[in-house]
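Before any questions on how it binds or moves, here is one chain, the form predicted alone, in structure tokens.
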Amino acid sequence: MKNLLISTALSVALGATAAFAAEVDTIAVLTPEQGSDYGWNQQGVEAAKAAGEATGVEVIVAEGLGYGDVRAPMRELAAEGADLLIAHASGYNTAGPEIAAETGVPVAIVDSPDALQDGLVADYTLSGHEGAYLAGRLAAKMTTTGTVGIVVSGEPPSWNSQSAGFAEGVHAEDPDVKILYSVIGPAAYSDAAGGNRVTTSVIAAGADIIFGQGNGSSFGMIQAVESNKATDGSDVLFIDVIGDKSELDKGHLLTSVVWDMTPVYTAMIEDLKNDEFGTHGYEISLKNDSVKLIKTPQVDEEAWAAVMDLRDQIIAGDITVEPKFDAEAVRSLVTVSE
């Protein structure tokens, strides 16, 4: 009887160990646009590949799926054996949990930090607000018209936190600099024509530096920056987010708030293996270089040195930049241009 009890206890212990060490062989990342946009989609795809390589996991890339219903490709990827679906678009945060519940395959979504489900749904509402704050300080140092602009393709939490961080950086550097804020549309992420039109109007209103958040629409913003002069006759400069478009630059890119999501996806895989998936969110920061600014030839050397000193102060905790995910918080800091 004693041996039987020991054997039973051992079996239970081994079963518990197996439950806490899930097999993760394959993950899939789903993106609305092609993973070659030098931005959100490309950073997501490249980070998934890097995380897969770091953890020995195969990565399936499902790109260009659009912003509509992705339930069918999610089901297909689950049936193909994916152990994790990374739904890399805020428009997927309704379908993701539904498919996770239906198939039992864990799903990572964005912009839904309250949607966590232990073992099934994790959220990675990332915020580059620290980098955006530095970009705001840089913009305020370099504007010649005394007006800068924020143009966004929507108001998801991640965009809002960066817009607020940028505005706070501008105000901290020079409270007299005016900040114009304009939204292309409620979900105009791929609207390049709209990005061009709205950015042109913001430039005409006096902005000589544009902080643009747009995915595909950012290419329209850049077209506007390249084809219009500021009201004082100077060149207009562009501050990008998430990716690095330096190789496409024609002399108008000032910097970019670059995100590296590799640590996030790597942590997701490890959490899934250790039965901790869905128990917490994820973040990026200046501290581990998962958020950083790029330096271009358009950057003033003295201004850049000062901004890098500010970076060190944020990392040391001497300057605190809190994320603000609500659109109303952004609008309270800027002049809204409808």
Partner chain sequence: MSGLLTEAFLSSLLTGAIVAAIPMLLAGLGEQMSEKAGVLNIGIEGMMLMGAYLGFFVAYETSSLWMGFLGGMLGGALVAVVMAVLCVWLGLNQIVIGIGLTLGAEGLTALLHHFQFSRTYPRLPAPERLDIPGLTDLPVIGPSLFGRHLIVYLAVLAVIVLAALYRRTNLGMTLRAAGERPAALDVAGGNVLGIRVVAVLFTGAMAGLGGAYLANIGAGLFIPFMTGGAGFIGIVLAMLARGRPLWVLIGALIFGAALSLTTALQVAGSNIPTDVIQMLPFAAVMLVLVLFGRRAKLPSALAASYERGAR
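As the structure is a prediction and not an experimental result, all values here were calculated from the model. Numbering follows the first chain given and starts at 1.
Here the subject shifts to the form predicted together with its partner chain, a form of this protein not shown in this document.
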Wondering, does residue 268 line up within 4.5 Å of its partner chain in the model of the complex on heavy atoms? no
Since only the chain is shown here, I'm wondering whether residue 180 would be in contact with its partner chain in the model of the complex (any heavy atom pair within 4.5 Å). yes
Contact of residue 275 with its partner chain in the model of the complex (heavy atom, 4.5 Å): no
Would residue 282 count as touching its partner chain in the model of the complex under a 4.5 Å heavy atom rule? no
Which one, 101, 72, 79, 204, lies within 4.5 Å of its partner chain in the model of the complex by heavy atoms? 204
Answer key, its partner chain contact in the model of the complex at 4.5 Å (heavy atoms) among 106, 220, 156, 169: the residue is 220
Among 290 to 298, 307 to 315, 52 to 60, 32 to 40, which stretch has residues with heavy atoms no more than 4.5 Å from its partner chain in the model of the complex? 32 to 40
Does any residue in 178 to 208 get within 4.5 Å of its partner chain in the model of the complex, counting heavy atoms only, and if so which ones? 180, 181, 182, 183, 184, 185, 186, 190, 191, 192, 193, 196, 197, 198, 200, 201, 202, 204, 205
